[in-house]
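Next up: a single chain in structure tokens, the form predicted on its own.
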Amino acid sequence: MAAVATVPESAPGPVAPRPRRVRFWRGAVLGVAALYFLVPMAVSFWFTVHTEGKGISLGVYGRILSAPGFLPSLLVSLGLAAATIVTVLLLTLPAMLAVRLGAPRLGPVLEVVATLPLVVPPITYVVGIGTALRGGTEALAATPFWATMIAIQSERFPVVLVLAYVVLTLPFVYRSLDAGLRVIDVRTLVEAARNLGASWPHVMLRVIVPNIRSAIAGASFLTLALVLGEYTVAALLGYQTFPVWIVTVSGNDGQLSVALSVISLLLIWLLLLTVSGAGRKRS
């Protein structure tokens, strides 16, 4: 009896995705998100250019640069943002590398400490800062530390706000850097560089930092956005930053304050697009 050759049934292949349906839902989600962000922006812009009885005019945008207090408050906020970015990166990145390389079990502890500012209300935070400053005046007045803090403190550049903003931005910076460090083999890179004779500063600046540039850029952008939009701490401590100045101006000129808010949002969005584009190019 002749043997009958049987052909094994081929396993069913993966189901091909439906690009049209995926493209439709992607466009729908992006469209809803665009409406969510653009409609308030359009309404705000219309409020700044339209005046009842006078029609449409862009004169309010021409008055921004000549508005009293605009440039000083903006320069203070930009200086605070730059100092906060440098300080929080210098504190966070070495600590995260030390924990990953030397004490991995402390990773959860560092994560809890870094995210703790999210659960503290800003008003409570400001009250604590005020209490610490008043107590420090009495207890630390004769110490070199307090004398140094008083010497470097200035209304043009309030160092106390830098310290406060470092704590406020710590959770966002930690998350951004943690995402960047997870995608690279930190231990292998560090051991290879050290075996080749690289010093620790060289390892940090020439090995680790270039591999997490997009994460550092994201952390810097989040810090800049938070500092340029933070109002509670600066207002309650009595400093005239850019957000505080906008709120002050809103009492006298509503159109000017809304125009400044629109420009601030557009600048932040432009920075976000720039950072995202730079990250895609590097990847």
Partner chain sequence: MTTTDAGTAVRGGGRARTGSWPAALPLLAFMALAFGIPALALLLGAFTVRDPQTRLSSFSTANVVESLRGAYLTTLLSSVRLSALVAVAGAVLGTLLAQAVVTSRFRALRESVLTASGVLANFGGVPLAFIWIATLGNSGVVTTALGLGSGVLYNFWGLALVYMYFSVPLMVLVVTPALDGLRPQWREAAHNSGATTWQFWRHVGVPVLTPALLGGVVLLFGGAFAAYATAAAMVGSTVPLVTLQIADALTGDVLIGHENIALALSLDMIVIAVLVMAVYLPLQRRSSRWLR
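Keep in mind the model is a prediction, meaning the values are calculated, not measured. Residue numbers count along the first chain shown, from 1. We call the rigid core whatever largest set of C-alpha positions still superposes within 1.5 Å between the two forms.
Beyond the structure shown, there is the form predicted together with its partner chain, which is absent from this document and is the topic of what follows.
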Contact at Leu106, Val113 and Thr232 by its partner chain in the predicted complex, all three, heavy atom at most 4.5 Å
yes
Does at least one non-hydrogen atom of Thr143 fall within 4.5 angstroms of its partner chain in the predicted complex?
no
Within 4.5 Å, heavy atoms only: does Pro117 come near its partner chain in the predicted complex?
yes
According to a 4.5 angstroms non-hydrogen atom cut-off, is Leu71 in contact with its partner chain in the predicted complex?
no
Indicate whether Leu196 is a 4.5 Å heavy atom neighbour of its partner chain in the predicted complex.
no
Considering its partner chain in the predicted complex, which of Leu101, Val183, Leu75, Leu205 comes within 4.5 Å of it through any heavy atom?
Leu101
Scan Leu189, Ala179, Ala95, Val86 and let me know which has any heavy atom within 4.5 Å of its partner chain in the predicted complex.
Ala95
For a quick test of reading the superposition: does Gly238 move by 2 Å or more at the CA between this form and the one not shown, rigid core aligned?
no
Rigid core fitted, is the C-alpha displacement of Leu65 between this form and the one not shown 2 Å or more?
no
